[in-house]
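Heads up, what comes next is one protein chain in two forms, each shown on its own as structure tokens, labelled structure 1 and structure 2.
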Structure 1
């Protein structure tokens, strides 16, 4: 009996490995991918980076300041507005605070659609309406941000201490009063913390969405490549990396302080 089960396990394992190998072969064939391609491709890439991109063009620092600031501005404006919208949506989406189950399902559904569609796609869809530039970028970050923050906020609201809620309800408080006097004080630190996380995410996304025409550092990188100004591109990439690290350091430090 135990021998049979062992045999069965081995058989399953063998089948799994066979499937994985098959998928790998299919993938490699489908995209004409081989070790030779990787090696020659990487060789070409290393040549490109070392010859064409280095050294970075330090003199472009000044020109790149405005795109850098735009990236920060877009991220911040988007996260503030997204936080306000998500605040309302999350109250509908959390099982504890929702006034009606149908509203809860609707809010969760909307948030999950907004979150699952990548922000790059949102930019593409928004550019026809808002034109190229920071406006479309900010709106795309806003939409993706609402998706992210609504879910995070709703999860924070789900964890609100039910005893505190009960106590305020028992005084004869209305729904609005209970939300404001019992839920809000517990939720506020989470709200700020997740919004800071959203800012961090936005800064990362905003350099990416710039590449499809939404302004900021991503746009500078994209146009630098098109104009063959590769050393300036390197400078922009370095600034991106510094910006990421800086923002991440600030937001994690602040988040640790709050909670």
Structure 2
């Protein structure tokens, strides 16, 4: 009987792999994915990078400092405001802390909708209202951040120690006292950790949304490409990489200390 089960499991694994391979091949055919074309085009990619983009234009460093600061400002403002809004929504969305099931469903629904729409789409929707620039970018990061952080905060609240929660309730504490004494101390480390993760995500996303008019380094890269100033684009890309690495190192160390 055990041999038959082993054979059956092997056949199931083989069929699963076969289905995955078939879906992958079908998808490759649907997008005209060709290894031959990729290899043949690699030479042009290397030529473009080594000839047109190198060396980076060091003289543009000063001009790119303001876009760099704009990227940091957008990311920071968006995550702080989003964290405050998500803090309230998460208390409504968590099964542990929500005052009423209807509020829980409504809060989770709002978070799901905001998470479903990419921040790039939010920029395209907001630019007609706020115009090109950092305000539209900040709003896009903020809206997307509320969706991400509300869901993350709600899951963190769902994982609090229920024994401590019941112990505080047994003393006759009100809902507000229970939240502040039993839930908040357990939740705060996760709150700070997820907020730092949101900052890290915002810095990455801000470059992408900047390319569609939201300001920052992304906008500088897009402008340089349109004007064929590729050496300046290289400088902007290098500054973006340094910013990514720096923010990631800082947030990772802070999260480790907190958790």
Partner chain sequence: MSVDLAKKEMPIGQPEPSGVEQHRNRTNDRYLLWIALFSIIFFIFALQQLDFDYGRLISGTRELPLMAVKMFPPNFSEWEDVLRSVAETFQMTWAATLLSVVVAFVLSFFCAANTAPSRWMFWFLRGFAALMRAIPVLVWAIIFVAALGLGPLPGVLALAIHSLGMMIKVFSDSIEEVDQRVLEAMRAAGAGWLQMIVRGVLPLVYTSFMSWALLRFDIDLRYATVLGMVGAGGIGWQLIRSMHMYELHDALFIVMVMFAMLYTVEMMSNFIKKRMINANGL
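C-alpha atoms forming the largest set that superposes within 1.5 Å between two forms make up the rigid core. Note that this is a predicted model, so its numbers are computed, not measured. Positions refer to the first chain, counted from 1.
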Pick one: which structure is the form predicted together with its partner chain?
1
Given a superposition on the rigid core, I'd like a yes or no on whether residue 26 shifts its C-alpha by 2 Å or more between structures 1 and 2.
yes
Can you give the angle, in degrees, through which the smaller rigid part turns between structures 1 and 2?
14
